[in-house]
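Quick heads-up: it's one chain on its own, the form predicted alone, in structure tokens.
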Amino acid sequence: MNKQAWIARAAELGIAELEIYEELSEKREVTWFEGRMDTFVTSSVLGTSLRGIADGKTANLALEKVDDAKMDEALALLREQAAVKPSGDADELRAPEETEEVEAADDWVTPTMDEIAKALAELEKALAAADSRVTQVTELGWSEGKSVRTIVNSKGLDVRDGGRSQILYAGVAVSENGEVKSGYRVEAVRDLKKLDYAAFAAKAAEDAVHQLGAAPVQSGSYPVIFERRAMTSIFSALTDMFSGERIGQGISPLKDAADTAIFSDKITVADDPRCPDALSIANYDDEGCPTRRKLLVENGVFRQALHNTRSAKRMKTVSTGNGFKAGYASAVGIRPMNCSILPGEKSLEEMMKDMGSGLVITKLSGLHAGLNHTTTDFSLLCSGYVVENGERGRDAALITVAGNFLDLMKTVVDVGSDLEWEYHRIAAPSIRFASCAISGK
């Protein structure tokens, strides 16, 4: 694609500003079942989207295939789309800015197909042998992907960013006394040759085995620890409260909370697209704005909303570099990236000992239906285990945890040290709360 030719021609056709966004995505996925490869899929997709501003209005056009010979046809469609749009705030394309880019860790080792097949065969055996109660390896696969984003516009912006990942996943079924439960394990693997098959398998089996014999607890108010996986789930589901757009629209619970205490002073939340410990990093967002580290909450006080260029303009501030798309064909939204509750100093085991008795919640279900994003009220199915005399006791299931997230986050007793990014872009450590309402038997 001759990008400069497209930009010049757009100006001739009355499109005052033009942005060309390209994303090259390459994927390879292998699934394994009962001793053999079940599926093998590869793909390479180059997606292009145009964003043009004409007569003070913004138009977007996604192209699956770009042909310079059809430049006029595509730009005419963009121009026509702008013409029929109602007047309103036009997007603002970004000019180039000085920034010091960071490089992601280049320690990914791409395995051959033979190495993948061998690893999955060995892992299937390890999963079956991990526990005598394992009855079936229900799911096993390898997925890897690479992506490169390029953004060029008529203001002279020309930036490039990319990332990659390699993910191993497995599921097992276990059975005891007629009861069947399932467990699952997902892990980012930088070098498949260094994988500890037995350790991976043990974690997948343990996830299932712990559910056997689990039963409800008595309804009541309990001291509670949200284990890091559960805490990550609920925190991830509610990070839209930090969206500058939602705050400006008055539908975020933080709409009037600037520089006020919204959480316990033990809680600090950072958003850092360049975080070296996370799986992926981004030097630029999908508008070409340089990214940076921000403290959204500092010692419990709400300090910073997340913005893209449009929301920043409306709120009379500057973009925070959080203008990301869901895909090349989608519009720019506001999304956190590498957002986390900063860890504390105590391990999960230490927090359990300090708590003495209570519950550890390890899994939450129903996050789409059981959360109110405006009030942060929640009522969620959950499972975990009882803590007795500071030690892990029997497993608990078929229970519901309910409350208000903002209120809950003001009752933090301790923040754990066990923050792990794994394959997430939003993460939280285990957190101990004074009490939480549990509905059981």
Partner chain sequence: MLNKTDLARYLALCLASEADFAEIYEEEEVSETVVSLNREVQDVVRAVKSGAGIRLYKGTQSVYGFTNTLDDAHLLPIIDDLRSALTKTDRTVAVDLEEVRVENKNPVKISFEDVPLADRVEFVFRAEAAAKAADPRIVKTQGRGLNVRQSVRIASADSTGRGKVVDDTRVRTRLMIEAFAAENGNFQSGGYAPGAGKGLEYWEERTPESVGEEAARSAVVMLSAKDCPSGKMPVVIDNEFGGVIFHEACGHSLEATGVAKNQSVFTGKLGQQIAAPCVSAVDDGTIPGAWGSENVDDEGNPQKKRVLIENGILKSYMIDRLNGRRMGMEPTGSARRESYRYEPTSRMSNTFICVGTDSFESLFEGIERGLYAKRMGGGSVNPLTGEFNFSVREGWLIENGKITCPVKGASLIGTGQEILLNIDKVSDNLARGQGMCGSSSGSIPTDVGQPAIRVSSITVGGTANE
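So that the term is clear: the rigid core is the largest set of C-alpha atoms that superpose within 1.5 Å between two forms. Fair warning: this is a prediction, and the values are worked out from it, not measured in the lab. Numbering follows the first chain given and starts at 1.
Form predicted together with its partner chain: not shown, discussed below.
- Figure note: of the listed segments 322-330, 187-195, 146-154, 348-356, the one touching its partner chain in the predicted complex, with heavy atoms no more than 4.5 Å away, is 322-330.
- Among Asp55, Glu388, Asp395, Asp377, the residue placing a heavy atom within 4.5 Å of its partner chain in the predicted complex is Asp377.
- The listed set Arg314, Arg133, Arg303, Arg292 contains one residue whose heavy atoms approach its partner chain in the predicted complex to within 4.5 Å, identified as Arg314.
- Not displayed here, its partner chain is approached by Gly366 to within 4.5 Å at the level of heavy atoms in the predicted complex.
- Although the partner is absent here, Lys85 is a contact residue: one of its heavy atoms lies within 4.5 angstroms of its partner chain in the predicted complex.
- In the predicted complex, Pro276 stays away from its partner chain, with no heavy atom inside 4.5 Å.
- At the 4.5 Å threshold, heavy atoms of Ser182 reach its partner chain in the predicted complex.
- Using a 4.5 Å heavy atom cutoff, Met37, Ala62 and Thr400 all lie near its partner chain in the predicted complex.
- When two forms of a protein are overlaid on their rigid core, residues whose CA moves 2 Å or more are considered shifted, and Gln81 is one of them between the shown form and the other one.
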